[in-house]
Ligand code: RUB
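Single chain ahead, written as structure tokens, the form predicted alone.
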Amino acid sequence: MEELLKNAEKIKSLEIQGAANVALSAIQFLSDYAYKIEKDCQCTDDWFNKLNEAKEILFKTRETEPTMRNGLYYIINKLKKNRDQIECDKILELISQYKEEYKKMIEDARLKIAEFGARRIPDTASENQFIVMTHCHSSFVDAILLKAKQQGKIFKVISTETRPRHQGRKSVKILHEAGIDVIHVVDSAMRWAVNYYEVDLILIGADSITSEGTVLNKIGSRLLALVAHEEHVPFYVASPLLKYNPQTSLGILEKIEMRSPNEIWENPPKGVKILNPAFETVSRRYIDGLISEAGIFASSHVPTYFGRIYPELMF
């Protein structure tokens, strides 16, 4: 349990960042924990009690991480489905198998999203270079841009710094190393950049998607969506369906994670209250399309496609 708590702290402290990375780390931590407790589990009840305890610990590390929650549900729910037929000495093998299945689901989704999303960037450059803007770091947005670069497409990317943890720098480094022309701007310059550079396309990732098609992403995303609406720039969200939170269809609201004020100001004047919301909502009416492993469609259709592709994760 001590090792699991230490690993959980890596997620909580943001040592591990990015929804996909958090999900993959969490299911690995669950698998590692299962191997540690093998000798303490004499029957399936012991296994499920301890695995559920571990799941709850990992759940509490982040408020807004449906990809992680779906991954943990995937493993435990598949075990529960076959509970009566499972022998105790086979549980570790099955946990490892389901972990690899979920990992493959994420990687397959990334490949398809890259393929579909790259089609939104034209094959030939016009007189003015095609400009794509993004906010924060999204491995799925990066995958689209890297795919377009591999296809020989010519374009430029504008990336925001994304305060207070500067996650935008991660995308800048990845894209720059791939030979993509990147411009880096402060968050508060996003409207100016869209207007000055006459941005052609805006791409952001997602941390969560609700049953109504609302997207939760890094703070500043809604501001960029409003700018896109004002300037008539196509606004797309690149996200696997695994970021859908099926509990929102039952009336449960997705929570906005509030992070430490120390990320913003370590030693503020005494009595000054500092708020550090990590995410904000983007209404479906500002989203031209969701780029997913199932194709590109209105974000309000996510529950339908999620149910078709991942029925084992539906409540």
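Note that the structure is predicted; figures quoted are calculated from it, not measured. Note that residue numbering begins at 1 and tracks the sequence as displayed.
Omitted from view is the form predicted together with this ligand, to which the following refers.
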Answer range among 183-191, 134-142, 93-101, 72-80 for contact with this ligand, defined in the predicted complex as heavy atoms within 4.5 Å: 134-142
Close approach of Ser211 to this ligand in the predicted complex, 4.5 Å, heavy atom: no
Non-hydrogen atom contact Pro303 with this ligand in the predicted complex at 4.5 angstroms: no
Heavy atom of Gly307 within 4.5 Å of this ligand in the predicted complex: no
Residue contact check: Thr160 to this ligand in the predicted complex, 4.5 Å heavy atom: no
Residues in 216-242 with any heavy atom within 4.5 Å of this ligand in the predicted complex: Asn217, Lys218
